[in-house]
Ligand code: HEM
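What follows is one chain in structure tokens, specifically the form predicted on its own.
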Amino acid sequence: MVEWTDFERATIQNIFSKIDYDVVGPAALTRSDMCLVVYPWTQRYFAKFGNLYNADAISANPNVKAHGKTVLCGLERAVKNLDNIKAEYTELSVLHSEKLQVDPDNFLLLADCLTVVIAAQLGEDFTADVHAAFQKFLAVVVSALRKQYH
């Protein structure tokens, strides 16, 4: 079980209260310097999303944008269940490991992209202490998503 300080709890909740899910989620997946462009092999999991042939197509793709928002809503579940993230994410872990067969390293890649986008959104408010709390949160989320992998 992860132990959270009061500062970490407040910081994680504060980050998610400040960000616009319609902007941050899609940006983590679609900005020309983010996940699907920088790590093009991740596109194979999104074949049903249509045209992902270049950065402009990815940025304009409504399915990718919608999935980015879905990812943030999933992270919000973790924010609301900080003391039980692994249990909260059991079904998502099974889905990603058994049905979708997503390479678990991709969770780390997306976490890194999300960190860059959030840092840009928060600007000076994204201090070293805030960054550390956010990275701890994402590490716990990634661990929970990897739980069902063998």
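As the structure is a prediction and not an experimental result, all values here were calculated from the model. Position 1 is the first residue in the sequence shown; the rest follow in order.
Below, we turn to the form predicted in complex with this ligand, even though it does not appear here.
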Only one of 52, 82, 102, 116 comes within 4.5 Å of this ligand in the model of the complex by heavy atoms, so just point that one out. 102
Report the residue, out of 106, 59, 121, 97, that has at least one non-hydrogen atom within 4.5 angstroms of this ligand in the model of the complex. 106
Is this ligand in the model of the complex close enough to 75, 89 and 110 that every residue in that trio has a heavy atom within 4.5 angstroms of it? yes
Answer with yes or no whether residue 144 is in contact with this ligand in the model of the complex, where contact means some heavy atom within 4.5 Å. no
Residue 65: heavy atom within 4.5 Å of this ligand in the model of the complex? no
Restricting to 40-77, the residues within 4.5 Å of this ligand in the model of the complex through any heavy atom are 42, 45, 46, 48, 49, 67, 70, 71, 74, 75
